[in-house]
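The chain below stands alone, shown as structure tokens; this is the form predicted alone.
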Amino acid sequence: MNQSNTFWRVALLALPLSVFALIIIWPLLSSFYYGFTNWNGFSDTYDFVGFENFGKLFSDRLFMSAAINTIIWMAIAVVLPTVLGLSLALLIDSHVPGGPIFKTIFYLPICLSAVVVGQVWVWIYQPDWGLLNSIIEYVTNDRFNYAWLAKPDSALYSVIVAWSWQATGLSMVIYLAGLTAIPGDLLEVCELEGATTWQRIRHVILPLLTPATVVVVALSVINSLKGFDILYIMTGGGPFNSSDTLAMHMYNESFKKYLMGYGSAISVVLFLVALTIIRLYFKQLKKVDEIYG
């Protein structure tokens, strides 16, 4: 009987594990290997260059700029979706009229692909007749045609706002799930003791939402490292590489300049950064489980 169960376990796991190894493990190992070569992505021949590609990273001005932009993206990607998601969750949980409708509306962007979201925000940022400039013109009663995506000073931040708009819905749902786990009796006791709304939020709700906050922050950081598709649609890393991130820089080096070896080295760095963040996330999650049980 045990031998039969083992056979079926192996048989049923063989196909999915094979597919996983083929589309995940093999490309990952290949990236590590090609990172030590000068392969151009097409040629059958290439040379092993050791750590030359990795050494080049620290002297590459575009790489350093992309790394700084990635840090900025991660920082804002943590703050905006977390604060907005928490605010919306608290508002909806307060039984505001039409709460379920608002919850559906706020969650809807996460159901859209990044390509669709990017196209929507390209229209919003359109200089001549875009929604944002039209609103500013209406409020100021003055002509306003600022090119948000064509200016180096605003391109990156404009894309981050669009990305955060999409990510806020997921943060809101996670916080709503956390709010349902808070005992209603505890909040009633706080109210009877004369605690104000802000005091209840600061001293009771926020501490009890720590596990949800850990999940929201970790997902925001990890997803920000994958912020390629919306960036590709909205700016392509421009203008003048001002909105380049590590993911976009890796793409440009690999598929536009045909420096597949160097692009693979960038992908290895990006992978190690993501792996470190995920490790810290699970470590922090373990601490939270020990505290809150």
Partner chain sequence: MADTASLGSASGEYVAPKRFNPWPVVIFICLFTLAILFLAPTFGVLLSSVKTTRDIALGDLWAIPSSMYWGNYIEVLSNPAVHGYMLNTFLVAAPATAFSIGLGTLAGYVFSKLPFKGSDLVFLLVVSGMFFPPQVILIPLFRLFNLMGLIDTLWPMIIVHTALGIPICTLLMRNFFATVPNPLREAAILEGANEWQVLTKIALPISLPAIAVLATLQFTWIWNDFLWPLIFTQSDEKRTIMLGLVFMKGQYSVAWGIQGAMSLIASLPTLIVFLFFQRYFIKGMTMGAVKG
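What you see is a predicted model, and the numbers here were worked out from it, not measured in a lab. Here, rigid core means the biggest group of C-alpha atoms that superpose within 1.5 Å across both forms. Numbering follows the first chain given and starts at 1.
Quick note: we don't show the form predicted in complex with its partner chain, though the next part is all about it.
Partner proximity in the model of the complex, defined as non-hydrogen atoms within 4.5 angstroms of its partner chain, places exactly one of 202 to 210, 183 to 191, 70 to 78, 94 to 102 at the interface: 94 to 102. Across the proposed site, 138, 243 and 288 without exception lack any heavy atom within 4.5 Å of its partner chain in the model of the complex. In summary, among the residues 219, 147, 179, 195, the only one with a non-hydrogen atom within 4.5 Å of its partner chain in the model of the complex is 219.
With a 4.5 Å cutoff on heavy atoms, residue 49 does not count as touching its partner chain in the model of the complex; it lies far away. Taking non-hydrogen atoms only, residue 41 approaches its partner chain to within 4.5 angstroms in the model of the complex. By the criterion of a heavy atom within 4.5 Å, residue 63 is excluded from the residues contacting its partner chain in the model of the complex. In the model of the complex, its partner chain lies within 4.5 Å of some heavy atom of residue 119. For the stretch 239 to 262, the set of residues having any non-hydrogen atom within 4.5 angstroms of its partner chain in the model of the complex comprises 247, 250, 251, 254, 255, 260, in sequence order.
Residue 280 is not among the residues whose C-alpha shifts by 2 Å or more between the shown form and the other one once the rigid core is aligned; its shift stays under 2 Å.
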